[in-house]
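Just one chain is shown here, as structure tokens, and it is the form predicted alone.
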Amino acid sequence: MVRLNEIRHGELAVTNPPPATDASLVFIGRIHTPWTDRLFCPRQGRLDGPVCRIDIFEPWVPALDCITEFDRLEVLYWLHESRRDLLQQSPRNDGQARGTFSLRSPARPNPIGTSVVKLISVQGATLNVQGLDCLDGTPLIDLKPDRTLFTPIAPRQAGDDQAEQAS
């Protein structure tokens, strides 16, 4: 288990990160889960996991209109207790480091977490969901219907065949 601000054998941290001046976020709500300690928080959410609560802040509550049309949602959240300086990480603590962008680790330059959750119920500004893997009190960035529920609606365009052959 990773302890707070631990650098494992083989890991690499950036020493002078650039100042955060090129973006801003508005937290639209707060997530409530059973986990208050990173050491006990699951590494991945499970759709049969505990029911967790998402509280939406004003003025964003009207944006929940029609959300019950979807069984699954993508939840984007700010991993507010995560490190932001690791370039290479050793998730198995075996000295074998990998680049941060090849991992789903919460330690990231911009610690944005995502989970696909099952929507259980909506009561006013509160959603009850299953499938989260974040700490109690985590700031909410966004909610979206699960993208796997959609088929592309854009008509085929010139160049689509060449792009498919190149991939």
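Numbering starts at 1 and runs along the sequence shown. Here the structure is a predicted model, which is why all the values come from computation and not from measurement.
A second form of this protein, the form predicted together with S-adenosylmethionine, is not displayed here; the remarks below concern that form.
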Just to confirm the contact call: exactly one of 22-30, 36-44, 122-130, 58-66 touches S-adenosylmethionine in the model of the complex at a 4.5 Å heavy atom cutoff, so which is it? 36-44
S-adenosylmethionine contact at residue 110 in the model of the complex, heavy atom, 4.5 Å: no
Please determine whether residue 73 contacts S-adenosylmethionine in the model of the complex, using a 4.5 Å cut-off between heavy atoms. no
Against S-adenosylmethionine in the model of the complex, would residue 85 count as a contact residue? Criterion: heavy atoms within 4.5 Å. no
Taking the shortest heavy atom distance, is residue 106 within 4.5 Å of S-adenosylmethionine in the model of the complex? yes
What residues, if any, in 64-93 have a non-hydrogen atom within 4.5 angstroms of S-adenosylmethionine in the model of the complex? 77, 78, 79, 80, 81, 82
